[in-house]
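Okay, here we've got a single chain as structure tokens, the form predicted alone, with questions on binding and movement later.
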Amino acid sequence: MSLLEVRDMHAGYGGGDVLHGVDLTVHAGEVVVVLGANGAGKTTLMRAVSGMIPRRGSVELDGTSIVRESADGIVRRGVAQVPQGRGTVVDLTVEENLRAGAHVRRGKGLAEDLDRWFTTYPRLAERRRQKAGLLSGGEQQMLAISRAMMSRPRLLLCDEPSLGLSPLLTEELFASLTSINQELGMAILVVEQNAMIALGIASRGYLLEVGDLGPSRPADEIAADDSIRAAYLGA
């Protein structure tokens, strides 16, 4: 059974749709990537799935409709998002940001999870009492992922996680996403401009073109497609 099942979803801003009848599936424990040019609607897709903007159609999580749920309600059901631009609360410390990420829980296992993510990202442990706004871009992205994981989600949404990061930090970041997927069995849906590195951790991928999402294909098949390589991989 699919963990996330999206069918004929339309979403946009104001009076116009950006997404036109999107169908998308994420199975438990898999990594799925959505590729697309700037303006194709990738961020709109993530916001629609996470309930941040109105949407129409069918959105189900583990067989239960969440299309009418609020963004907070969707987090409580097990979906956490790492938004484009990280979205950390710059005036809170690293630890305060992490605790804020656990607001939907009742405190059980909080200390254990803090230890887990401070161990996963030692640089955050070194800066646990430092304000998030003083962190580097890479450290803020580590914090954004850790904060999302503090809610103990079943599905992690990552919107352009490499944006603004150096190639080395991007490699480190995607290696950590791979570890999260493999060690925790975490399903991950990622939209990413750096197509090659995203395809490298995914089992399947979709192409989003001006609000229309094509059928999924195996990630290695997409990476080997010459037309896609020319359009998205710079090859």
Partner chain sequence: MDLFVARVVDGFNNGVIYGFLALALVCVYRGTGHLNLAQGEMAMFSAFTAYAFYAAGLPVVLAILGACVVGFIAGGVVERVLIRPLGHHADYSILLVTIGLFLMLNAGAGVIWGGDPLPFPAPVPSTPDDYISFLGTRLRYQQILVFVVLVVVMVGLFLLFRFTRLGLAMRATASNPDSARLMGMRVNQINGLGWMMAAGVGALIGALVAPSTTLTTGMMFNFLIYAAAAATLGGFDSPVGAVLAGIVLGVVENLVGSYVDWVGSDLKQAVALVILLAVLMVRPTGLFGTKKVERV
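Computed from a prediction, not measured in an experiment: that's the story for all the values here. Residue numbers count along the first chain shown, from 1.
We do not show the form predicted in complex with its partner chain, though everything after this point is about it.
Option from 205-213, 191-199, 176-184, 44-52 whose residues, in the model of the complex, bring a heavy atom within 4.5 Å of its partner chain: Single hit among the candidates: 44-52.
In the model of the complex, the residue from Arg76, Lys108, Arg116, Arg123 that sits within 4.5 Å of its partner chain by heavy atoms: So the residue touching its partner chain in the model of the complex, by this definition, is Arg76.
Exercise: Glu96 in contact with its partner chain in the model of the complex, heavy atom 4.5 Å: Yes, Glu96 lies within 4.5 Å of its partner chain in the model of the complex.
Touches its partner chain in the model of the complex: Lys131 (any heavy atom, 4.5 Å): It does: once its partner chain is placed as it appears in the model of the complex, Lys131 has a heavy atom within 4.5 Å of it.
Heavy atom of Gly101 within 4.5 Å of its partner chain in the model of the complex: Residue-level check for Gly101: yes, a contact with its partner chain.
Touches its partner chain in the model of the complex: Leu92 (any heavy atom, 4.5 Å): Output for Leu92 is yes: heavy atoms within 4.5 Å of its partner chain.
Non-hydrogen atom within 4.5 angstroms of its partner chain in the model of the complex for each of Leu3, Ser146 and Pro153: Negative, none of the three is within 4.5 Å.
Residues of 57-88 having any heavy atom within 4.5 Å of its partner chain in the model of the complex, listed in sequence order: Ala71, Asp72, Val75, Arg76, Gln81, Pro83, Gly87, Thr88, in sequence order.
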